[in-house]
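Here are two versions of the same chain, shown separately as structure tokens and labelled structure 1 and structure 2.
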Structure 1
């Protein structure tokens, strides 16, 4: 460890502890009440209603369909976002001048700062209930994230290959494709895959606001107090998350 803790570091630690204590105090969490006999009994009864999960063929088919829809939403939205992100990354990396760069960065920040679920509520208004709204919502947010990452990769890529091509009369588009894209493509791909992984999780809950996928099914079953069905949906989400985790870990080991 570093010899001695700096004053700034110490102050930061104290601040963090104070923030945590303050947060609990502000929220006035009924932690005591949680552990009274009645509350525990109620909670146990609530949990019991989730078992056994509804494994009827009918419902399983429904869950399977919704899971597939979730996967499709995540894939299509990530694809859209990768394309849009790449298009926005070029101005955001300062290739068309400083003023354009600032505007592009602002757009990307705006897209990124609005959470997926908020985009989803907006898109449900714009495109109606259903998976298309979810796809658009995820695509919008992910465009902001990927656009920024893509732009950073572009700014860090050495300019000489593209400059050399431009020096022998290559038009800008071709110089980019032959000189810059091969430098950033592996990074862009890695970022997109990583975002896809996150979008699978996200697509599963967009249904809470009516934007398709597994979340819609969960929200619906819970509203009707069909806890057994809800439990199946949660298991499906869990299975998907674990599968994605495993797949990405496996891919990373291979790469």
Structure 2
């Protein structure tokens, strides 16, 4: 046995490999069927139906409107989540006592543990089809994620500046705003921008459950077997994701 390789590490590797092999056997995945001549021919024919994309003026106008709706859903949901996450982060960081901390942590864990698609399904049932349901779904899930990240940033922030301000008679809110917030604000902004990048992708996907945006347009095109229109929507999703990634990276550098 090579130096540095322990029996426990070797056993863990064997267990992981056994679990992977067992998973393939349990799922009965016929991977060989993917590489037969018939399967390859069907895949090529399916892809060919997506080209050329539909670039007609009327459909491009629909795609543009859906893209703006997707962007608006992601922006509003991220903003709401950042505000709600910041409000929950302070008690979750233990600033109001251990009992309140447990409650706040439970709420954040609950919001974060429910996937966006499940929240979207629930919100569609509660608020009806459309972008409002998608915005609420993303805001609820993202609140759980950002609240946890914000709380950890608060826990890791040095308490000395805020304690010095509080010791000199500064009110608690002012001590937080001037002693703690400047220390965690860059992290909070970076977390929020990263979640915005993820939310714009999820906003496009949530349309499949009736939450509006590009996802709704893609679902409609695919359900009618309009592959050329679906290709245009997919390209719009890709272009939007690239643009948002670039904008988010630029904002993080400027922050």
Partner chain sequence: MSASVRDPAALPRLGWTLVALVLLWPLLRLTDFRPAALFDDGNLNAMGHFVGGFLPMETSPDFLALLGKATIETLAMATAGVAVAFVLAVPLGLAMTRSLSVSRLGPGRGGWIGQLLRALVRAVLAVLRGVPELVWALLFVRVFGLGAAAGVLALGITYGGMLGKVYGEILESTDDQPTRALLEAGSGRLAAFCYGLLPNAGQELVSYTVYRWECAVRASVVMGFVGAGGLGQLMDQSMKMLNGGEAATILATFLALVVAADAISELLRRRLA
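Definition used throughout: the rigid core is the maximal C-alpha set that superposes within 1.5 Å between two forms. Since the model is a prediction, treat every value here as computed from it, not as a measurement. Numbering follows the first chain given and starts at 1.
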{"property": "Number assigned to the form predicted in complex with its partner chain in this pair", "result": "1"}
{"property": "Residue 234 C-alpha moves between structure 1 and structure 2 by 2 Å or more, core aligned", "result": "no"}
{"property": "Shift in Å of the residue 246 Cα between structure 1 and structure 2 [rigid core superposition]", "result": "3.5"}
